[in-house]
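Quick setup: one chain, the form predicted alone, written in structure tokens, and binding and motion questions come after.
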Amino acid sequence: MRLHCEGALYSPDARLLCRQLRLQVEAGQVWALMGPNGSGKSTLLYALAGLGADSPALKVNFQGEAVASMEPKKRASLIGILLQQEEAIFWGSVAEYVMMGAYAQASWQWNRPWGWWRADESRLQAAMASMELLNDAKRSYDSLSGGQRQRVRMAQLIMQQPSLMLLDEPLQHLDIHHQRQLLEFVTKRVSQHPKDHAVVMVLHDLIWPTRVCTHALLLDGLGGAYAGLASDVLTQPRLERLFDCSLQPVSEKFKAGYVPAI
């Protein structure tokens, strides 16, 4: 599994976000995508997922094939994205919402046009269990809190079973227990299937990236980018410049992470 992205990144209103971006995500890698507000993180994830407006300045390929030109169902079977915001209204249950993720991997049968809905029940149970949702299966999605909805949306993505997960602020609305749970799930998924899976996720909390990510891409909001191994990229001086904020390590160890110095 390999995704390659190269070129200039522009916002939907044609503002230059990054002059020269080069990103190669390979199986077995967990990437942190970081930068100040408005630096282009969500725009980049949309482009990697093939959801943004076509831009000749930025070329994104998955296994050598242009992502933007892929047939949508094929693309969804390979690349899954957790959006930062979801405006659509859904009146069904938690289980029904999660089940919709099965469509990307379902085979179409002319005599059973809705056969994909009868996905393997064990997969559905496993997806909901991974986000601690089994007791909420029959609840209305519309009745859930923001944090609960975030976990349901993540379970739907797990049900989708893509090779590459693109997560836009996956920790928003989650309490510390569920933050740890989500990060533990996605990192274990990659480590247990190092030839098939990878993750790119937008993170803001500086405690987590140094502990769970193998690589990092920083967008500085001024047209620049810096990518590489997490141990090389996520240093205190570079993060302080990136966020214009004094930081302090929570311990002497590199993987401990940073907090704002107050």
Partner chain sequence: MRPPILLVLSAGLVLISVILGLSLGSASLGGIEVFSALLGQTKGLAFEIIWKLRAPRVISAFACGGLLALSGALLQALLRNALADSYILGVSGGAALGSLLAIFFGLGGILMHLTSLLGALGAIAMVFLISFRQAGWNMDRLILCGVVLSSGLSALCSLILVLAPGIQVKGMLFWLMGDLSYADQPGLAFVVLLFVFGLSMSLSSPLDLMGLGEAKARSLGVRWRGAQIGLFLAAAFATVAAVILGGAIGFVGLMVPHAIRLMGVRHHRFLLPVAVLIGGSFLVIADTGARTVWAPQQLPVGVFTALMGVPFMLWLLMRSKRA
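Residue numbers count along the first chain shown, from 1. Bear in mind the structure is a predicted one, so any value in this text is a computation, not a measurement.
FYI, the form predicted in complex with its partner chain isn't displayed, but the following is about it.
Only one of the listed residues (L171, A76, M131, V190) places a non-hydrogen atom within 4.5 angstroms of its partner chain in the predicted complex, and that residue is A76. Proximity to its partner chain in the predicted complex, taken as a non-hydrogen atom within 4.5 angstroms, holds for one residue of E86, E184, D175, D120, which is E86.
Shown alone here, Q148 lies farther than 4.5 Å from its partner chain in the predicted complex, counting heavy atoms only. Taking the partner from the other structure, its partner chain in the predicted complex has a heavy atom within 4.5 Å of a heavy atom of Y46. For the chain shown alone, A137 is not a contact residue for its partner chain in the predicted complex, no non-hydrogen atom being within 4.5 angstroms. Its partner chain in the predicted complex comes within 4.5 Å of a heavy atom belonging to G50. Each of F90, E96 and M100 places at least one heavy atom within 4.5 Å of its partner chain in the predicted complex.
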